[in-house]
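So this first bit is one chain, no partners, the form predicted on its own, shown in structure tokens.
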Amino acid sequence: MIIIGEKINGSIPSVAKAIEARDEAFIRDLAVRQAQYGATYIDICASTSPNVERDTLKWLMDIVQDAVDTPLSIDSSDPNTIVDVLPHAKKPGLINSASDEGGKCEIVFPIIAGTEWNCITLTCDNNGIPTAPDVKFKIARTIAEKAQKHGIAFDRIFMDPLVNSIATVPHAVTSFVEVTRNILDAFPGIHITSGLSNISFGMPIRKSINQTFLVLAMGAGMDSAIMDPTSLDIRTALYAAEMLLGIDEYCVEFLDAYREGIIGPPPKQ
């Protein structure tokens, strides 16, 4: 599983407070702990006003890159901001994100063509976020074709089918599963990712819902997730799912993680 660590995000009150106070130690600790628990990328999202977002992203990038060697996921709703701060990265990572809304792919794809940067792409357009799987797939095809035109291989694309909240869309998960399978069939090598917490928005016991969604989505072929790698429950669900799906043959990784205390209660001495 490709884990995109979600903890350094200014929409989280504690992180917003740290950003405002320029608390480097707080940000560094979040980066180190996510790396220790297996984050493939560390997402960095300022969630500040546009006039300070670029400087805030660079400040966050400096702290994280000094603390860990894990590649960054540069996260902003403004593709021009992402393009502006890319040179500040010490090595290629992940762009979060582009979509078929407002010409975002046309801004991002020419910049990363011919590089080693990967990109999360969202199945939304100028009409918003659809709920029907056929509409999501149509947008995914449009984005994939744009990537091809710029010579960007499918294995550099992390397609996010944008799971809807189960509180408002009863078929949210079945729609996600259907479009995931269709995307994987149509575009060999492409990755599927998702922000796990979107499924449980507006519901109680959100962590349990997120864990269950992770397992169901992995069963459909999702191989990446924007998640909290420091959460013991999420980690345990992930390792268990990989084992039960046959990804972790002979339970090697599950048992190693258990012995090392990465999942489950620590074994008795």
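Residue numbers here begin at 1 and follow the sequence given. On a predicted model such as this, the values are computed, not experimentally measured, just so you know.
Not on display, but discussed next: the form predicted in complex with a small molecule.
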property: Contact residue in the model of the complex, chosen from N96, N118, T123, T180 - any heavy atom within 4.5 Å of the small molecule; result: N96
property: Partner proximity in the model of the complex: A257 to the small molecule, non-hydrogen atom cutoff 4.5 Å; result: no
property: 4.5 angstroms heavy atom contact with the small molecule in the model of the complex for N198; result: yes
property: In the model of the complex, R28 touching the small molecule (heavy atom, 4.5 Å); result: no
property: 4.5 angstroms heavy atom contact with the small molecule in the model of the complex for A39; result: no
property: Which of 190-198, 105-113, 145-153, 77-85 sits within 4.5 Å of the small molecule in the model of the complex, heavy atom basis; result: 190-198
